[in-house]
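One chain comes next, on its own, written out as structure tokens in the form predicted on its own.
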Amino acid sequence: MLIFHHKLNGVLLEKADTLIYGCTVLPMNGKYFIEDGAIAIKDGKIVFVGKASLVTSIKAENRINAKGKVAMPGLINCHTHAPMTLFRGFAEDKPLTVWLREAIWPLEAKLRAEDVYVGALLGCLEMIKSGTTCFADMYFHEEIVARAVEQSRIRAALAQGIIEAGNKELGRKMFRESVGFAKKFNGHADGRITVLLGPHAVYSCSQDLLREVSEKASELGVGVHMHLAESKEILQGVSEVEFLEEIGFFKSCVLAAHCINLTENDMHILSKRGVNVVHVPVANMKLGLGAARIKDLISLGVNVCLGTDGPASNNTLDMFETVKFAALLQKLTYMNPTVLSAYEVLKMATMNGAKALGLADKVGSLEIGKRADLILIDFSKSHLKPLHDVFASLVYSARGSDVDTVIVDGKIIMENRHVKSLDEISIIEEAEKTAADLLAR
């Protein structure tokens, strides 16, 4: 009889909590896959990845026959505003400045903490159902978002937003709240929540405030999440990157969303300072902002990951849609079909995302010793047949609705498309009521 005897940290293991077998496994730590593979999970960690034939006799409380499915790391959404699910479809087909100042900001001024909770729960539900296991969020009442994250059992890197917009008193207040949130919630929810500071953007925060944010982030040992070089309209003729470099902003790890309007010098600065760029293709296209030059950034060694942006500027939190658009937009931008291969863009949505959030040692790939954050995609669907190239099929053909099972930190939070951690029907009903009430205020 074959006995499972993988050695982890010097301990001989003969059983696991969960065993997934019979699937095609994409570890995403290299361009290869394992047919008829298996993954064993114990105490929230991956303890085996390999051929199913090697673990036929392992004892496991949960045994998942994943024949016909593909197992891969959960997708990582590196830039969103999850509570904005309540704004989905509200302000459509408007330029960024009009969209922000005449529609979004006035509506956000009416938001209450309970609204944010409902919107965040709906966002977590949507992300789980479409295969996202970790997301980076920047918004208000972020302690309420943390509550939704804890309840849903997803993983998140959260930042309490900071906006000054010419009001120094407001900026100071929001800065204090962001720092207080970071101190309180780092490592919350059994370690699934990490934190960042969240200055909104160069155009909405003063030079003094940005300097203070950078210094405090370094002091706390946390990163910074912000919008960068998003629009030509807002800061005409000014290089935001050069400005931040001049004031010594890039001291800590920076997660910079959009990065569309960059000069060659800007790109070199981002590379030199180790800034993580979040490519947000769908929202950028929808708002007519342009396309980031991702190929150029990658060639300079910049770590590029992916994000959906909020559901008000994208309308969906489906990272599979973002993966496809990321690949297609770059091919169009450079007029070159070889730019950004299927494997490269999947890596941006997994390994690169984990690196950007400081979680590369925990998640982003299916490797022994890492936390068990993974998804199973059902490849029995007609739009995924025949299967010639698993990486291409995931990028160009798969949809969020093809995700069958989601596991985070070793816990099965969705199985056979049934979300175990949340009441789907009640969340949807409450979100519709809350959105209607918000618009009526």
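All residue numbers are counted from 1 along the displayed sequence. Keep in mind that what you see is a predicted model, and the values were worked out from it rather than measured.
There is also a form predicted together with another copy of the chain; it is not shown, and the following applies to it.
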Contact residue in the predicted complex, from F185, F325, Y117, F250 (heavy atom within 4.5 Å of another copy of the chain): F325
Note: exactly one of R112, K286, K216, R273 sits with a heavy atom within 4.5 Å of another copy of the chain in the predicted complex, namely K286
For the three residues W105, H200 and L220, verify that every one has a non-hydrogen atom within 4.5 Å of another copy of the chain in the predicted complex; reply yes or no. no
Interface segment, criterion being heavy atoms within 4.5 Å of another copy of the chain in the predicted complex, picked from 177-185, 144-152, 88-96, 238-246: 88-96
Even though the partner isn't displayed, in the predicted complex is N167 close enough to another copy of the chain, meaning a heavy atom within 4.5 Å? no
Does another copy of the chain come within 4.5 Å of any heavy atom of T316 in the predicted complex? yes
Looking at the partner-bound form in the predicted complex, is L332 within 4.5 Å of another copy of the chain by any heavy atom? yes
Hey, in the predicted complex, does S401 get a heavy atom within 4.5 angstroms of another copy of the chain? yes
Which of the residues spanning 105-140 lie within 4.5 Å of another copy of the chain in the predicted complex, based on heavy atoms? L122, L125, E126, K129
